[in-house]
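So this first bit is one chain, no partners, the form predicted on its own, shown in structure tokens.
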Amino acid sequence: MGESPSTQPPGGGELAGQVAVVTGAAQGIGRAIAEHLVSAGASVAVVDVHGAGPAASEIEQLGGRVLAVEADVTSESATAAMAESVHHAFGRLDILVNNAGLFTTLDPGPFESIPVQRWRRVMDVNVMGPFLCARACVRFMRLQGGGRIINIASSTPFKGTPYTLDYVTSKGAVVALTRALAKELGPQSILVNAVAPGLTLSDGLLERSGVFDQKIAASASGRALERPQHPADIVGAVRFLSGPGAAFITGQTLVVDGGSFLH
């Protein structure tokens, strides 16, 4: 499952000595997050169902130690083996970023037209995935006396965005999961937070720009900062929640959407 990590020593930065797992990290938002955590000094496991190896090879050029793990986040055995391989490679596991999810492959439309099979698949990846990854990684965080879990949610549940009801519902569940898990794991010094991006020009979205052109334009015009959102706009929030400055923050959802949803 895992490939040997780079033997380069970890770089400096506020996350030096920390080990982070980023799911869905072969491209898009997850790739940007993995790169940013490496630049902050963390050793990073690049986890994805496809393409983890090539992405990890490119990311390790930034310095630090990088491990490629190909794993399906909807599989109980695969997520357990993923956490085992990360702990075996690095000797610890400090940060889990639950980024893997389904969105850009979903055609927008009325809720009545969503096939039951699609609904179940979205819930499996977007909700079951974070649950299984958290369960797999938390046991190692407990061994070292604490850790951080950062779930990538979405601003859509706060705005009631129509025509992708399965996706919006799944991300609302991620927010609820974040809050309840923060209460449960707080006594063990494991902090659980979420970052909720707006519509982001990720690789997957750009590949289907014809389908999402209207949404992209509407999203940009509806923000206080009237421009498109890019993966680089999200990474700072994840880095902050992973670092020492967020040591007394848990159960929160930080909306990063350029001021579209205000609360």
Ligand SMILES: NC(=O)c1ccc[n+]([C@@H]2O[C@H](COP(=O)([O-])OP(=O)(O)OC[C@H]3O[C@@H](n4cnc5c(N)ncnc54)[C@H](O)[C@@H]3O)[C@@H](O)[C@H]2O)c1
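One rule holds for the numbers: they count along the sequence shown, beginning at 1. In this text the structure is predicted, and so the values were computed from the model without any measurement.
One more form of this protein, predicted together with the named molecule, exists but is not displayed; see below.
Proximity to the named molecule in the model of the complex (heavy atom, within 4.5 Å), stretch among 93-101, 136-144, 112-120, 175-183: The contacting stretch is 93-101.
Residue among 68, 38, 238, 29 with a heavy atom within 4.5 Å of the named molecule in the model of the complex: Contact with the named molecule in the model of the complex is made by 29 alone.
Within 4.5 Å of the named molecule in the model of the complex, heavy atoms considered, which of 153, 132, 83, 192? None of the others qualify; the residue that does is 153.
Check whether residue 171 has any heavy atom within 4.5 Å of a heavy atom of the named molecule in the model of the complex, and answer yes or no. Taking the distances in the model of the complex, the answer for residue 171 is yes, it comes within 4.5 Å of the named molecule.
Evaluate residue 56 for contact with the named molecule in the model of the complex, applying a 4.5 angstroms cut-off between non-hydrogen atoms, and reply yes or no. No, no contact at 4.5 Å.
Does any part of residue 49 reach within 4.5 Å of the named molecule in the model of the complex? Heavy atoms only, please. Yes, residue 49 is a contact residue.
Find out whether any non-hydrogen atom of residue 72 is located within 4.5 angstroms of the named molecule in the model of the complex, and reply yes or no. Close contact exists here: in the model of the complex, residue 72 approaches the named molecule to within 4.5 Å, heavy atoms only.
Determine the residues of 173-188 with a heavy atom within 4.5 Å of the named molecule in the model of the complex and present them in sequence order; the list may be empty. If the 4.5 Å heavy-atom criterion is applied to the named molecule in the model of the complex, 173-188 yields nothing.
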